[in-house]
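One protein chain, two forms: both are listed below as structure tokens, the first as structure 1 and the second as structure 2.
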Structure 1
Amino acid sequence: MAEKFDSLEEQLEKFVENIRQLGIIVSDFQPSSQAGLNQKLNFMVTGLQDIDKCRQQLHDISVPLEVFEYIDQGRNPQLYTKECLERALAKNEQVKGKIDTMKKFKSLLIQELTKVFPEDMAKYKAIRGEEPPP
């Protein structure tokens, strides 16, 4: 899975480095550096072409839109993953709690109903089949 992203990461790093160098040339431009600037501009185009080629490998990757909000706010996108995992675990625990409580309730109800309606409950158990105790 991670191998898919390696080439994209490499291309992006090259692109960023090229842009950084371009910025340095432009920030204090000298007439002699025009050739270098032209070369960097064309590197930028080829860099964009290379990044575009990586799109074919990653067509099945989907990114949640909320991650972009984190990046736009200057926040670490790993925080999104962290919060997602924490939320998932919390919900998982809540649901497990509910399921366990309902199972306990069911067993207690069956127990009590068996005392009051033994015949009906015997029929019920016959229909349901033998269920393992919770």
Structure 2
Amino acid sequence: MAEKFDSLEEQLEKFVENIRQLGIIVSDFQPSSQAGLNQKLNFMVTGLQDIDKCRQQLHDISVPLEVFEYIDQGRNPQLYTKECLERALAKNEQVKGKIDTMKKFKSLLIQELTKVFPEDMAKYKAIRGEEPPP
């Protein structure tokens, strides 16, 4: 799997370097540098084709749209994973708290119902297998 990404990374690095060199040629353009400009443009087209070939190897990769939003905001995309884990942990703690509260409520409810309806609750507990019937 890493080879796929390595190939894409290599192609992108070559493409970026070609664009950088193209910018240098264009910023100081002389009619005599037309051949070099044409060559760099052809390299750019070839580079885009090579990147497109890498795309077929990575068709099964999906990236959450939020990662692109992080990149657009100039933030590190690895922070997305960290923040997702932090949100999941917070949600887990919240759900655990709700579960604990419901268990306490169930226990208190059974205690109170046992006081008010002792026979019915004895049957209920017998059905649930919590304690033998009287």
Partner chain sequence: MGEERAGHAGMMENFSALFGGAEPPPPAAATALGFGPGKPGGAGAGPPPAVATPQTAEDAARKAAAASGPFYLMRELPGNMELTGSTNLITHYNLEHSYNKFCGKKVKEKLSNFLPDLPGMIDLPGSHDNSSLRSLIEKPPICSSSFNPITGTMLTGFRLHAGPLPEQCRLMHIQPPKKKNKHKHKQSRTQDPVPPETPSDSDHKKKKKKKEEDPERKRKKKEKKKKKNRHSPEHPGVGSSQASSSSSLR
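Each residue is numbered by where it sits in the sequence of structure 1, with counting from 1. Basically, rigid core = biggest C-alpha set you can superpose within 1.5 Å across the two forms. What you see is a predicted model; the values in this text were computed from it and never measured.
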Report task. Would you check which of the pair is the form predicted together with its partner chain? Result -> 1
Query raised in the report: Does residue 23 belong to the same rigid part as residue 65 between structures 1 and 2?
Result: yes
Query raised in the report: Using C-alpha superpositions, by what angle in degrees does the smaller rigid part rotate between structures 1 and 2?
Result: 20
Report task. Look at the Cα of residue 98 between structures 1 and 2 with the rigid core superposed and state its shift in Å. Result -> 6.1
